[in-house]
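Below you'll find only one chain, the form predicted alone, shown as structure tokens.
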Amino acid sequence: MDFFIHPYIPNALILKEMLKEVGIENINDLFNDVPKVNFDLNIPILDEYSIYKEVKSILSKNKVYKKCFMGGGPWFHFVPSIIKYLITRGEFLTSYTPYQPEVSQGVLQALFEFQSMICELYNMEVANASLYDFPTAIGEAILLSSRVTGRRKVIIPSSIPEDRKSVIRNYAINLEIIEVPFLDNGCPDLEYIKKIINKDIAGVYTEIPNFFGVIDFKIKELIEIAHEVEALAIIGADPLLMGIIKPPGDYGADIVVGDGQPLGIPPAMGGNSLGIIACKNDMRIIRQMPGRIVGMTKTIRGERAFTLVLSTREQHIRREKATSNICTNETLLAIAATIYMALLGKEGIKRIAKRIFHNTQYVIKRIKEIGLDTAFKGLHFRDFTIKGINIKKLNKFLKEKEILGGREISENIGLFAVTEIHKKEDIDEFIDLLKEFIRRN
């Protein structure tokens, strides 16, 4: 293919230099490694109903699991049916970015309500209008801590999964990331942190619950350790867990991040997630908040109105002044989370959290009854590990029973999860299958 050299597109003018730099002579050379495949599928011309039947027949070959016990996220939570109908309204579905407040009041108000609910959930004072997903929210928070403090070292727990770490490293490529070993409960070793922390540390990050599902009851102590050297305390907190424990804001957290996927968003392959970030009322932090913040104001006639009050993306301001170069947020999913939180309210979220907590304690109790145990001590929420069993073989066995098994942590440790959608009979069936697997192996 030959590109038309357009005088107003800079790359077109230096195309030859670009090709020379990568060592090729023609754009087509970039595709030499792509296999030559004949895409002539010989499909007959059919009417619409015949196509529908044919496609349905093909899709019927897909494997559908009856139940899922995989941990580590994304998780299967109950999604109220009203959510998908409300977010597919035209004013929500087609409104990507509310640049013009005069024609985007509906979306702006919904995002303002999202921010308000997130602040209430975490007991923080300022939240932005969402980020892409949980790992990128952590990366943004770490960069934020560096910009605020002027320091270039950040502490994170080594227990977080490699896929999350890789995003953090990618975001904080110019920072030094220090990983802290974890204790037998999977939580970071505070004594180790005390030894290494100093005035060069920009932020200290930890999660509740941790990746293995254990609730860390020493969050307050970790925050105090960070504040002793004037570093920012960043807490990754599960939004549903906030229904039964004190939120990070109660302990003095500077920044809170979270995964909004449990808030009325179904799991999807490689997408459909929502990044949450909130902070305390500190203008040093607020001015460095990534993305954008929606605020409430008044029109010239004195009527209530909503508008973007902080827009620090590179689309809005000079690139070198931007706090984030990621131009994608999750407005539609933030609205879905808003509808979910509004539907449930405080008591509803508390009931969901209690059900998840009780299911988690019940499945762990049953696991111990059959001679197995968790790999990490402590009180669990949603996620739990099973040790002393070949996870790859177990998952293959469960797959034959149309059940999605755990995430493989090591050869003999798997990460599983239960949510509010799991009934007692589901858990008992899972335990019976574990017993059957043990007998066979």
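Note that residue numbering follows the sequence shown and begins at 1. Owing to the predicted nature of the structure, the values given are computational and were not obtained by experimental measurement.
Another form exists, predicted together with a further copy of the same chain; not displayed. Remarks below refer to it.
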Just one stretch in 228 to 236, 81 to 89, 176 to 184, 189 to 197 has heavy atoms within 4.5 Å of a further copy of the same chain in the predicted complex, so which one is it? 81 to 89
Is Asn390 close enough to touch a further copy of the same chain in the predicted complex, meaning at least one heavy atom pair within 4.5 Å? no
Wondering, does Ile421 line up within 4.5 Å of a further copy of the same chain in the predicted complex on heavy atoms? yes
Please run the contact check for Glu48 against a further copy of the same chain in the predicted complex: heavy atoms, 4.5 angstroms, yes or no? yes
Is there a heavy atom of Lys377 lying 4.5 Å or less from a heavy atom of a further copy of the same chain in the predicted complex? no
Assess the spot marked by Lys53, Arg351 and Asp426: is a further copy of the same chain within 4.5 Å of a heavy atom from every one of these residues in the predicted complex? yes
